[in-house]
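Shown here is one chain on its own, the form predicted alone, set out as structure tokens.
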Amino acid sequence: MPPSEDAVLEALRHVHDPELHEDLVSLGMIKNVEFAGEKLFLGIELTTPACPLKDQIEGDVRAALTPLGVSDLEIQWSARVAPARGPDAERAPGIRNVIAVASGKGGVGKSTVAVNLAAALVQEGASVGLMDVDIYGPSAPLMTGTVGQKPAIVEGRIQPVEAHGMAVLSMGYLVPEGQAVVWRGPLLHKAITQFFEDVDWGERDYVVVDMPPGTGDVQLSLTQIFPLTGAVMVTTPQPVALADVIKGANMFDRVNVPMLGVIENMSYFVCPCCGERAEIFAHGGGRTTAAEHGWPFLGEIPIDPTVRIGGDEGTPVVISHPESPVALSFRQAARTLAGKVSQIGRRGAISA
């Protein structure tokens, strides 16, 4: 005779989510317990479809149920991303989390990282938007293969462009190609407000925001307009880039935006002919800086020509070369990022 539902739930109270550090039952992650003969169908709702520790949770669940005599187990996975809480979330009620991808200086590959993180989250099963607010140098149209497209207007609301499973919006769609945007602070603030209030984003687990480099008007406007879940800082390993990461992170700290983590881009290069690894811009500075300041470290992204080709041709490398080492690095960084967002979402749910 199979164990009772109460016995199963009691056993699962000893299985903890590795990131949220609470048991699955208390977190409300167990959605159904149903036996068909000796087979147990167990519904588990994750806090993100990109859960980085799903395999560990499954192993712990199976280990907890084995003493009850459960040997035939089918886990039915689902996911629900918790929203960040904030006073102005009604500006775009369908958006659960806004993740700013930023850099202290230009030239570190921030836009490439933003596009590939967004595409990787889509591959994991999340509903994702990509908002390009790099007003003076919008690159999302080129990197997503949507140059020349124009957002439709339906019932007075802007419809994002669809690309690679993402909803994409960029200033590059709204001004003639090659025309410079020469705006001061008030116009920038108005444009970013419209990107939230006048755009039909639909239901999105994450909107990844490609920020301009530095710590200027756009960054401050964004933090005033919408409650950001947190920020990701992109850097290269050398000291000049790392110094600017600290400045950028301090800016987000001053406006109460959590640091979700640091990504070290262009971390190293592996020669395709001989396999020798070259650390062109040094190596490990991002991890060390993150550790020194108590920030999460999301991963190292190697230099790979396919990244540049994918950006130029409009297909992110996680899509064009999904099994390549660089694509796997992006996907692991996206999973780790989703885990950090889940932690913030859980804290918001508790305080709401």
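Computed from a prediction, not measured in an experiment: that's the story for all the values here. Start at 1 with the first residue shown and count on from there.
From this point on, the text means the form predicted together with a small molecule, which you will not see here.
Asker: Just to confirm the contact call: exactly one of 246-254, 220-228, 102-110, 72-80 touches the small molecule in the predicted complex at a 4.5 Å heavy atom cutoff, so which is it?
Answerer: Looking at the partner contacts, the answer comes out as 102-110.
Asker: Within 4.5 Å of the small molecule in the predicted complex: all of 143, 213 and 308, by heavy atom?
Answerer: Yes, because 143, 213 and 308 each have a heavy atom that approaches the small molecule to within 4.5 Å in the predicted complex.
Asker: At the 4.5 Å heavy atom threshold, is residue 134 in contact with the small molecule in the predicted complex?
Answerer: Because a heavy atom of residue 134 falls inside 4.5 Å of the small molecule in the predicted complex, the answer is yes.
Asker: Counting only non-hydrogen atoms and a 4.5 angstroms cut-off, does residue 266 reach the small molecule in the predicted complex?
Answerer: Result yes; residue 266 sits at the interface with the small molecule in the predicted complex.
Asker: Indicate whether the small molecule has at least one heavy atom within 4.5 Å of a heavy atom of residue 298 in the predicted complex.
Answerer: Contact check for residue 298: no, nothing within 4.5 Å of the small molecule in the predicted complex.
Asker: Can you tell me whether residue 303 touches the small molecule? I mean in the predicted complex, with a 4.5 angstroms heavy atom cut-off.
Answerer: Within the cut-off, so yes.
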